[in-house]
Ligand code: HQG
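As structure tokens, one chain now follows by itself in the form predicted on its own.
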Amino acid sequence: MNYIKLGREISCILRHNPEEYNLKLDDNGFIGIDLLLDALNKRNRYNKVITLDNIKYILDISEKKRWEIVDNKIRAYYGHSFNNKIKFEEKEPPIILYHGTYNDVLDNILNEGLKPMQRQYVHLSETIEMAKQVGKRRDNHPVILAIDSSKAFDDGIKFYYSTNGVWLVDYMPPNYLSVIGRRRVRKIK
């Protein structure tokens, strides 16, 4: 069984297009595992019956825990792009969070703030290293932004904790952002 391919397919279903598999996620992003397994097995892409043990194995070996299983239901923690917005519990964030991005969009971000773009939420990281990994998906030398999340929270911005150090917001205005340089932090606006 190609577990990498299966993991990507499950992530795609849970994050982007459950309707392609005739599935509907609940308001919290969950789907019954039995329904997911039925949908995957109907496609028969792996020449083997996919089981709950296969899904649990992928979760066990995965560096990035992108899904969770609760009470025979499964959901992706973050990265959703479909219209029905997933609801998360609001939480107070750490004092500073980070966001990795690519150089070509920095001016827009500094003028307009962080927007979710094709996702439901803006993703923020608890560490600079995590933000660098995210930013490197599109730029070998990503820009790292520090977010004054404590002030943003005090000013009424809602933060939601997903998992693995990933925090979510609907939008982050530019006045809470600082560009982190190699030797110093430069405050924007």
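All values reported here derive from a predicted model rather than from experimental measurement. When you see a residue number, it is the position in the sequence shown, counting from 1.
Although it is not shown, the form predicted in complex with this ligand is what the next lines describe.
Comment: this ligand is not present in this chain, but in the predicted bound form one of H141, K64, K42, K48 has a heavy atom within 4.5 Å of it, namely K64. Contact with this ligand in the predicted bound form, judged by any heavy atom within 4.5 Å, is made by just one of V134, A152, I55, A146: V134. Comparing 153-161, 55-63, 27-35, 119-127 against this ligand in the predicted bound form, the single stretch with non-hydrogen atoms within 4.5 angstroms of it is 119-127.
Although the partner is absent from this view, H99 contacts this ligand in the predicted bound form, with a non-hydrogen atom inside 4.5 angstroms. In the predicted bound form, G113 approaches this ligand with a heavy atom inside 4.5 Å. In the predicted bound form, at least one heavy atom of I109 sits within 4.5 Å of this ligand. With contact defined as any non-hydrogen atom lying within 4.5 angstroms of this ligand in the predicted bound form, R15 is the only contacting residue in 13-41.
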